[in-house]
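In structure tokens, the next block holds one chain alone, the form predicted alone.
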């Protein structure tokens, strides 16, 4: 089984979490821990360009993060979702809930 890697970096006011690998029932808890460590405390950008698969477990983590960020009036963006991540997000019917940018260069100041 292939694992997930999540790297946290800083870009201006944003904490950027770069996710690589599959987001599924085996890996979502690691993603959840990293996301919840930062969400609501800082503006957050979650780079999904390296995601190789994404199940409903990953969608749930993303939706919870978006709701938590909004509750704390923090900004959150999904960055450059891979094709499989984009399709997973669109298949939920909640794609409009996912503030998405095509690259980190588009992050607001």
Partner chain sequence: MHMPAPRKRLLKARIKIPNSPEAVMHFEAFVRSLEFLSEREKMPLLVAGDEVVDNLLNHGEVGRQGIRAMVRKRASGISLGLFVQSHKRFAQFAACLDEDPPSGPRYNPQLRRWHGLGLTMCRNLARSVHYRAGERMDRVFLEFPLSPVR
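Positions refer to the first chain, counted from 1. Just so it is clear, the structure is predicted and the values come from calculations on it, not from any experiment.
Just so you know, the form predicted together with the partner chain exists too; it's not on screen, but the next bit is about it.
S.K.: Contact between residue 24 and the partner chain in the predicted bound form at 4.5 Å, heavy atoms?
M.R.: Yes - in the predicted bound form, heavy atoms of residue 24 and the partner chain come within 4.5 Å of each other.
S.K.: If you check in the predicted bound form, is residue 53 within 4.5 Å of the partner chain, heavy atoms only?
M.R.: The answer is yes: residue 53 has a heavy atom within 4.5 Å of the partner chain.
S.K.: Just checking whether residue 87 would be counted as a contact of the partner chain in the predicted bound form - the rule being heavy atoms within 4.5 angstroms.
M.R.: It does: once the partner chain is placed as it appears in the predicted bound form, residue 87 has a heavy atom within 4.5 Å of it.
S.K.: Do residue 91 and the partner chain come within 4.5 Å of each other in the predicted bound form, heavy atoms counted?
M.R.: Taking the distances in the predicted bound form, the answer for residue 91 is yes, it comes within 4.5 Å of the partner chain.
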